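Below you will find one chain, with nothing else, as structure tokens; this is the form predicted alone, and questions on how it binds or moves follow later.
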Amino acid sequence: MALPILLRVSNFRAYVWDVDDINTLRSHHRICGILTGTLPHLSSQNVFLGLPLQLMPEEVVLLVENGIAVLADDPSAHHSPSPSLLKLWQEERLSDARQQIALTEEKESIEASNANRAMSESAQRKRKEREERRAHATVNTAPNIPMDDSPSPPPISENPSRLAVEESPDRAVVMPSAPYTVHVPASSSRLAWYAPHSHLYSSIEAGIWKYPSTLQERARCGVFRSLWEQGFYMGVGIRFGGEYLVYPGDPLRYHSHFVASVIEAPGAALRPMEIVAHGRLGTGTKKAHLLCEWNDETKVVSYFSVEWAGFG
């Protein structure tokens, strides 16, 4: 039996940080969520996003109630690291930085030794002129620093990648001064002081989760579950004037057929102007608008679809 998927909860929002868990949710449980993380070295950050995957509250309730996932109190799972663990983590960062700098120096030395092979005499002359102009501009723009009696800073090593592991008075590891890339892990699972399994909850009634707490929220959860049990995929529908976009299959392969709006009770008010607006907007976007009425007593959903008939 597969282990439950960890939904890491922070500030009453649930996130999935594991790529395999995201694949399982989408391919086996028809749960898509929304990617909210940024990707390094990618310019179109509004189009292509990465980890973590943020889930809608209705998706969280469905997964936990069905035993597919459990809630993890993420802030409490991050314990205070001991000095020895913190020093070990800093030394790993230093080792990674040194390795990066060593590889960069090796690459630069190879490029410097072969720089003139593929360049013509004219290109070499232009390159030399650019370097001279750059050096001249650097000298002219250097700020004039007044002399004072303060002690001069210690000399910087010419090869930071070969620095020994130095320690400051507070025993902290000193990082190299040469440029290097800082790798930020996508998940805290690699941290020795991160222990989510001691802060797991298999019920949405845990103190770290408060949804649903109102009639409207219960109606949204009931409608979402009803559509999900019929085999549909759901996405956020706010751009089309509803709560959900309803897809017949994976949203990467299909267009949505319905825009679903939730009516929290049979006696809830619904103005004729809203019906007209939903019908025309849905037809204009090639979708039918689905009015989903929730009965909190019988736990049953009634559906009414609205389309513009094309006359008048």
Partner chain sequence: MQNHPSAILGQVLAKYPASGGALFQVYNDLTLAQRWSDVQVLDLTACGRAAIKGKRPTTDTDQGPSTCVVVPCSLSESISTSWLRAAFTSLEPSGTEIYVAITTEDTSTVYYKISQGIVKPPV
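Numbering follows the first chain given and starts at 1. Values in this document were obtained by computation on a predicted structure and should not be read as measured data.
The same protein also exists as the form predicted in complex with the partner chain; that form is not shown, yet it is the one meant from here on.
Against the partner chain in the model of the complex, the set 268, 273 and 286 is in full contact: each member has a heavy atom within 4.5 Å. Taking non-hydrogen atoms only, residue 9 never approaches the partner chain to within 4.5 angstroms in the model of the complex. Within 4.5 Å of any heavy atom of the partner chain in the model of the complex lies no heavy atom of residue 247. Taking the partner from elsewhere, residue 302 is found to have a heavy atom lying within 4.5 Å of the partner chain in the model of the complex. Taking the partner from elsewhere, residue 232 is found to have a heavy atom lying within 4.5 Å of the partner chain in the model of the complex. Heavy atoms within 4.5 Å of the partner chain in the model of the complex map, among the stretches 71-79, 84-92, 222-230, 203-211, onto 222-230 alone.
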